[in-house]
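Quick heads-up: it's one chain on its own, the form predicted alone, in structure tokens.
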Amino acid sequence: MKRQEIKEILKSDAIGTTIKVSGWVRTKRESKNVNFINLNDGSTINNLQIVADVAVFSEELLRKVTTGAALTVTGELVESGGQQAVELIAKEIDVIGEADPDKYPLQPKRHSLEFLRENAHLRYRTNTFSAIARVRHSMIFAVHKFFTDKGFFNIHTPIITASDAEGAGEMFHVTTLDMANPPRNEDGSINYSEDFFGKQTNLTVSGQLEGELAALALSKIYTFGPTFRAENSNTSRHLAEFWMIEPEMAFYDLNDNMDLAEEFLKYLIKYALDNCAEDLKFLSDRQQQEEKDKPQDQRSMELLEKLKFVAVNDFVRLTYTEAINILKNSKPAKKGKFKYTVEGFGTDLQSEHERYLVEKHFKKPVILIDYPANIKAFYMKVNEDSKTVAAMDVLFPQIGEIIGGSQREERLDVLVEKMKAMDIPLKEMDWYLDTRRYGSVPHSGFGLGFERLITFVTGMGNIRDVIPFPRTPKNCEF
């Protein structure tokens, strides 16, 4: 008999039929005559209750049915008198993988997220992390569907690169040299000409620059790949390895870019609401339970309400300068409530400032544009005032910035001067400058950190909980 998935069984009307299921035991409850076993195979947040008559099965077999054990069960599907619609009256039970109850870490109780991070190789088996995994999959599919339906082409940009797209310098080095005894130049520096690639190389921080090359031939492309930052940060918002979605579009100005970003985010949120309802309901309940002891003004917006908040509201658009004026005149600024002071033009806005604009002032998602040139990357288009660049940041409730992007500087002379001013090596970036020499056009793009999106959609408070195996300072397990 072919195994059926629990998700399909719970939706079926096959009452009275004999079926076969496999999965892992979440909980077992014993009574005098019957054992009730909650079985889950990962296809859904919901369990299938197995009813095992103690007169039918040996005590030795039922003793092996413990939390975490893997079973295959054949039996009759019947209507249930409990909370679930159906249950399975077991006729055959095969324990195909035992789990020593004295050693199995995931007991049928509430575990802290910190404990589950330490056991990340097993945390998929919990309701919380199986729900996150299913939501993450749905968002991956939605990303590809959105761009494919709009005529974009997916481009695989390199993971190993010799360029630093952000100019931050916080990159992981890639080398085959013996670092205990590397070849050296006369001045004592490492001679990377003897390395595998003949030069110093790193793990990429962004696929944008290579994406621009493709966009200036294919018009509309997007990348979706791993990126790496060697930033020694242990905050709830940072990972050393994460995934980025980066569309690049020829013939798009900043307004086109904002329109696409807003449409994209609303599409993803609506897709989650339409296709992940059971998992999102569970995650919402989890969040509310976790925050029940917090003061009302410190609790998060209810998850489904927050997602609908983004899906139904038009995003407010305003300049960075307008935002600075709003922040400087706000009650938190006047009462000294902001941790980071808003000094004026040139202030690098922090998450608390971004959240104030979204959650308190406008009560809508916000897109800020026209940032000071000296706090943004070299590739952003210089505006006519020569002080600002055509940058944009999309701000969401609770997490602040979720998308960063810009219209790219298409003018060769302006780009070269900016690169010189920021000490970007022209010779090493000559391939990039060729796109401005030969058939340059106005073009734009943005980056969406995928884990930041999943943090928002699932309501989790720490980005380490929305990626299967988090890579952070001093942590590279599993």
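Since we're looking at a predicted model, the values are computed, not measured. Heads up: residue numbers just count along the shown sequence, starting at 1.
A second form of this protein, the form predicted in complex with a small molecule, is not displayed here; the remarks below concern that form.
Can you tell me if I369 lies within 4.5 angstroms of the small molecule in the model of the complex, counting non-hydrogen atoms only? Residue-level check for I369: no, no contact with the small molecule.
I'd like to know whether E212 contacts the small molecule in the model of the complex, with contact meaning heavy atoms within 4.5 angstroms. Looking in the model of the complex, residue contacts with the small molecule do not include E212, since no heavy atom lies within 4.5 Å.
Given that the partner is absent here, does F315 sit within 4.5 Å of the small molecule in the model of the complex, heavy atoms only? Contact with the small molecule, no.
Might P442 be said to contact the small molecule in the model of the complex, defining contact as any heavy atom within 4.5 Å? No, P442 is distant from the partner.
Partner absent here, but in the model of the complex, which of 271-279, 141-149, 229-237, 290-298 has residues with a heavy atom within 4.5 Å of the small molecule? Going by heavy atoms within 4.5 Å, the stretch is 229-237.
Identify, from the list V382, A120, L77, I402, the residue with a heavy atom within 4.5 Å of the small molecule in the model of the complex. In short, I402.
Within 4.5 Å, heavy atoms only, which of R452, R436, K28, K418 is in contact with the small molecule in the model of the complex? Answer to the contact question: R452.
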